[in-house]
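First, one chain by itself in structure tokens, the form predicted alone.
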């Protein structure tokens, strides 16, 4: 009998934001896998570390984390390493920052393994929800339409998407922050926008847009926009 592949959402950064189910599984599975940079620690593993079982076997999927490049070879090799454990009857938990199916790296392993082995996905707290809590800024209310926009999208597309909804989450800012700020200014939405970086992680910050522009944004930063300013109005 094969093992089960678990896609575990570990939340945005705070280990206490793991669900009870994720914590229970982490304490029981014999193998964990997680994305990691070419050098250094994995954020997903760092979040999950307090909950890992002693002696757990680890598979680090080391990649460049360049959003403009695919990592097919890394996922191919990682999937085969995971498959060997599953075929031997060992459960494997794949750690995913935020939620496994919300811009999650687990999706690429699911695509490779989901037809071959039993899979269970455990949802996690995604960064928009964590950032809304940090900012004290409800995302939506009533019948608001919410759009989630990756900042690497072309500037004209970001503007078009923002025009179409009452509320927005603009993610993966990094070097794209100046482009996003130009769009917000053109649409006269800067007063309705809130910037949060590294929610739940060391270095968490809630900053005015002009200060964020001076400092520059990390990849783990986003902007929340609500056209009414406050969702409950």
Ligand SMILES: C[S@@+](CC[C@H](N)C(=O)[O-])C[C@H]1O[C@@H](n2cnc3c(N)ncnc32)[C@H](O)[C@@H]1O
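On a predicted model such as this, the values are computed, not experimentally measured, just so you know. Numbering follows the first chain given and starts at 1.
Although not depicted, the form predicted in complex with this ligand is the subject of the following passage.
Quiz item: Just one stretch in 192 to 200, 160 to 168, 24 to 32, 52 to 60 has heavy atoms within 4.5 Å of this ligand in the predicted bound form, so which one is it?
Solution: Flagged stretch: 192 to 200.
Exercise. Identify, from the list 212, 221, 18, 225, the residue with a heavy atom within 4.5 Å of this ligand in the predicted bound form.
Key: That would be 221.
Practice problem: Considering only heavy atoms, tell me if residue 78 and this ligand come within 4.5 Å of each other in the predicted bound form. | Solution: Outside the cut-off, so no.
Quiz item: At the 4.5 Å heavy atom threshold, is residue 172 in contact with this ligand in the predicted bound form?
Solution: Contact check for residue 172: yes, within 4.5 Å of this ligand in the predicted bound form.
Practice problem: Considering only heavy atoms, tell me if residue 109 and this ligand come within 4.5 Å of each other in the predicted bound form. | Solution: Result no; residue 109 lies far from this ligand in the predicted bound form.
Practice problem: Verify the contact flag for residue 132: yes if a non-hydrogen atom of it lies within 4.5 Å of a non-hydrogen atom of this ligand in the predicted bound form, no if not. | Solution: Because no heavy atom of residue 132 falls inside 4.5 Å of this ligand in the predicted bound form, the answer is no.
Practice problem: Go through 91 to 120 residue by residue and record those having a heavy atom within 4.5 Å of this ligand in the predicted bound form; state none if no residue qualifies. | Solution: Contacts from 91 to 120: 97, 98, 99, 102, 103, 104.
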